[in-house]
Structure formats: structure tokens, C-alpha cells
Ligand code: ATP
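Only one chain is given next, in C-alpha cells, and it is the form predicted alone.
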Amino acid sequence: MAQIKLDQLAHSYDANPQTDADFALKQIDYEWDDGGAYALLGPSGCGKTTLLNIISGLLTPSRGSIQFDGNDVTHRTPEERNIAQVFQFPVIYDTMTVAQNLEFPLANRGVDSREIRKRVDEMLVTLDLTDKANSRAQRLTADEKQKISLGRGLVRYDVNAILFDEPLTVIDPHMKWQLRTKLKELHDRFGHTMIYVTHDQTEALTFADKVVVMYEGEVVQIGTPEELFERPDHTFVGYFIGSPGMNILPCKVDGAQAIVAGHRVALGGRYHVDDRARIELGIRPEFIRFAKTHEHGLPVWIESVDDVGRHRIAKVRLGDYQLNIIVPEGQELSATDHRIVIDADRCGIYVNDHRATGVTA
């Protein structure tokens, strides 16, 4: 395992980049803890795989350096970095059996035959492939082949890091849940530094100790799942994390109040922001409720209500703006006179997409 440090790292696929827009990966400075479990989360084209390939050594960055345990490995190959990488689609030897595929990376490194047998047997059980141990890989299904690919990375105990590039794409939904759980168990057991690329927030939040959220080549926030949900640093994080995502409403700010669609909304602190900037209020659907009969609240009208099982999602309109509200199961909604209450302490004010700091009284 290794501590991985990214020092002023940036990458462009252009030969002569001139502006930030020319960079697929904008500058990042960060230290990945030895033995940590991380996820790189974001939409397609945001720079996740570029960053992963720089860490693995498949790509040399345009700027900056990368260090493993204080040693500069910027120009070293993946083999020299001692990295295991699992790709989106299976990378295995079809003519070998399942067991032989798992043995191969260990035999290549001169591991004792008894130790190889022990690790392979453990991995076959872990991946539920014991009954296929002697089957040729070419006869297996796509998800079974990807399980072998995962096993080839996980069977090695001596790696500095294990990198996963959307490894569960070809796996059926139920098996995805099982393998995510198994990956987490293996991380807890062996303490490998693991970095997992995905565009699926459920995969990221259930696997990682810390999630690196990326947007348009930039790392916009690094935090625990709780931090990303409770306090998004960027409007993209608020919108991308959660189902449904955070409501983002244009507003003006007057001290400890936001003015949204002509209505005043109490905030948890006082804000001093530049009126010339783009100012928005962010509030998650979980932190808005319908007012009780004795409460004033903000006037809205309901456009639709979707039942998703454990709760309902009400789509309401406040002036010209639509927002979502989580309605607890069993709560009745009156046919008329709808008003909502927004939790002041859960509101965020965003200036040009970045969270502003308020001053509490």
C-alpha cells in the first residue's frame, strides 16, 4: 500500500494548451491516505479516467508530479509503480481456466506455489466461482469474466494501490450490490489503497471512505458521503448527489435572508455577497416540508406527486421556480392552501456555483 500525493497535477491532450479550457484535468493538489478507499465520481468526460490513468502510469501528466510514499513516480510505468488496475471491460486470458487466470499474476511475481493455491482458493470462494475453477474463461458469461478480472487485481497482496475503472458496468444489478459489498470487505480486511472510478453515486457512496467529485475536468469537492450530502461546496455536488438532487434557486441576499421569487427565506447566518455575481440558494428536498395549519410558510402550488415507495416526491412551484420536496409516507396533503417551510440551518448560499460562508449570530 502507498500514500499517493498529487502535486500541482494537470493534463491536456493538446500539444500546446493556452487556457484552462484546454485541460482535460485542471490542477489538483491532494494526498491520498495509505490504505484509504476513494471514489472518483462524475459524469462522462469529466476527467475521472484521465486522473486514474495518470495515477496508474498509463498516462504522463502535462504538468506536476505524482509521488508514492514520497518517491516521484511521474515517469515510471505501471509495473514499476506496482499497480493493479481493473478496467471497465474484462481483461483476461480466454484460453486459460478461471483458476489459471487468478494464478497468473502471482506466478509472474514468483509467489510460492502453496501461497498461490491458498490465495486462489480464497478468491474463488469470494467471487463465487469455485464450481467454475477448471472451466476455460472463454465459455463464461460477461459478468463472470469481469469477476475474474476483479479477482486478478484483488489476489495480489503486495500492490501499492488497486485501481478500478467502472468495473461493474457489465455486471447485473444484484451482482453489483454483492461485489460492492465484497470489495468493501476486502478493503477492510487487507487495507489496500483503492481508487474506484464511477458515474454512479450509489456505487461511490457505498464503497468509498472519501469521494472525489469531478466536473468539467475540475475536482469540485473531496469529502465523506455525509459531507457531500450535508454541505455541498459546489452546486454541481448538490445536484449530482442525492435523489432527487438539491434544489437550486436564483435569489438575492439581504443579510440573513434570501429573496426568492419575491419571498423572503430565513438563512442560518448572515451573508455578504457581491450583487453582481450569480447568487443561488441551495436546499435539499429532505429539508423542506409542508407547513402546518398555524404556520405561515411560503405559498406554492403542487404540479405533481410521485410515489417512490418509502416516500413521495412532490414537485411544487414557487413563483417561476420548480422545486422538489420529500413527503414522508403517510403524510396527508390538503387539496388547497399549500405552503412550505424551508429549514434555515440547512440552506446554502452559492456565488458563481461555489458555496459562500455565512456568519452565524
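From 1 onward, residues are counted along the sequence shown. Quantities reported herein were computed from a predicted structural model and do not represent experimental measurements.
Omitted from view is the form predicted together with the ligand, to which the following refers.
Residue contact check for E166: one or more of its heavy atoms lie within 4.5 Å of the ligand in the model of the complex. In the model of the complex, the ligand lies within 4.5 Å of some heavy atom of G45. Using a 4.5 Å cutoff between non-hydrogen atoms, T49 counts as a contact of the ligand in the model of the complex. For A24, a non-hydrogen atom is located within 4.5 Å of the ligand in the model of the complex, even though that partner is not displayed. Only one segment in the set 297 to 305, 311 to 319, 61 to 69, 36 to 44 has any non-hydrogen atom within 4.5 angstroms of the ligand in the model of the complex, and it is 36 to 44.
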